[in-house]
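Take a look at this one chain, the form predicted on its own, written out in structure tokens.
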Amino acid sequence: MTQLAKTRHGQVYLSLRADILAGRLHPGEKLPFATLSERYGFSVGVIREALSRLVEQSLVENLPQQGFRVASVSRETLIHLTQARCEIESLTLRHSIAEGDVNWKSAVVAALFKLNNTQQMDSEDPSLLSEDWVEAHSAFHAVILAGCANPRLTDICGQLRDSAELYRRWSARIGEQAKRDIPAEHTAIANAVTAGDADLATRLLSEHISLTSDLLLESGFIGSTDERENAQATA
């Protein structure tokens, strides 16, 4: 693949991903090639490659004989995803604390500092998370697990975080930041991690992940699978 082709693929991928996460493309919305090609100004082949990458991140679905659509969301999916994250990330964090060295601990401190000193909400649209904060947040959660020597575990954790990204973005829309002290949560996790307290660190991490899910479920912002499918059928 030429450098120009890589650039085109990257542009479309980033534009599509941003539009999905910002809610400009809605969960369950069909993504026909012709419409996307006109919208983004690239060929069908470039669009297809970008959509395939987003399928890998669980932001887009490819349904047999129906084509691509923005990933659907439901209470059941969120509950299952949260359970998987809590269990697998807790296991990986225990390995990380047991196996990480002083350089890893320094990286945890640095990632926390950057996260806590990055503006959380978008300056132009306060209902959206800022891209700088999203990047710093993702980096922090990756770093605290990076002490784990098993790349299979860290890769799975990364995939689960990608799958949770749409829900995390939506949490900002219900005013999640006003209902919790997110910087304090991250600081407490980092302090437990660098102190080598695996029991406390895993408990705090699970509570941190679960609280986002709980607030979304309590808000009623996300319906059940049946409710979603009924809504789509009557749309």
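One rule holds for the numbers: they count along the sequence shown, beginning at 1. Given the structure is predicted, the values throughout are model-derived calculations rather than measurements. C-alpha atoms forming the largest set that superposes within 1.5 Å between two forms make up the rigid core.
Here the subject shifts to the form predicted in complex with another copy of the chain, a form of this protein not shown in this document.
K.L.:
Please tell me which of Thr187, Ser37, Gln57, Ser206 lies within 4.5 Å of another copy of the chain in the predicted complex, judged by heavy atoms.
P.N.:
The residue in contact is Gln57.
K.L.:
Exactly one of Ala142, Ala107, Val134, Leu81 has a non-hydrogen atom within 4.5 Å of another copy of the chain in the predicted complex; which residue is it?
P.N.:
So the residue touching another copy of the chain in the predicted complex, by this definition, is Leu81.
K.L.:
Of these, 61 to 69, 24 to 32, 206 to 214, 192 to 200, which stretch puts a heavy atom within 4.5 angstroms of another copy of the chain in the predicted complex?
P.N.:
Looking at the partner contacts, the answer comes out as 61 to 69.
K.L.:
Is Ala149 close enough to touch another copy of the chain in the predicted complex, meaning at least one heavy atom pair within 4.5 Å?
P.N.:
It does: once another copy of the chain is placed as it appears in the predicted complex, Ala149 has a heavy atom within 4.5 Å of it.
K.L.:
Flag Ser43 as yes or no: does it have a non-hydrogen atom within 4.5 angstroms of any non-hydrogen atom of another copy of the chain in the predicted complex?
P.N.:
Flag for Ser43 set to no.
K.L.:
Using the partner position in the predicted complex, report whether Leu128 sits within 4.5 Å of another copy of the chain, counting heavy atoms only.
P.N.:
Outside the cut-off, so no.
K.L.:
Should Lys114 be classed as touching another copy of the chain in the predicted complex when contacts are defined as heavy atoms within 4.5 Å?
P.N.:
Because no heavy atom of Lys114 falls inside 4.5 Å of another copy of the chain in the predicted complex, the answer is no.
K.L.:
Superposing on the rigid core, does the Cα of Arg48 end up 2 Å or more away between this form and the one not shown?
P.N.:
Indeed, Arg48 is displaced by 2 Å or more.
K.L.:
When you overlay the rigid core, is the Cα of Leu21 off by 2 Å or more between this form and the one not shown?
P.N.:
The answer is yes; the displacement is at least 2 Å.
K.L.:
Under a superposition restricted to the rigid core, does Ser206 display a Cα displacement of 2 angstroms or more between this form and the one not shown?
P.N.:
No.
K.L.:
Assuming the CA distance changes by 3 angstroms or more, are Asp162 and Leu21 closer together or farther apart in the predicted complex compared with the shown structure?
P.N.:
Nearer in the predicted complex, by 3 Å or more.
K.L.:
Between Ser58 and Met121, does the Cα distance in the predicted complex come out closer or farther than in this form, changing by 3 Å or more?
P.N.:
Compared with this form, Ser58 and Met121 lie farther apart in the predicted complex.
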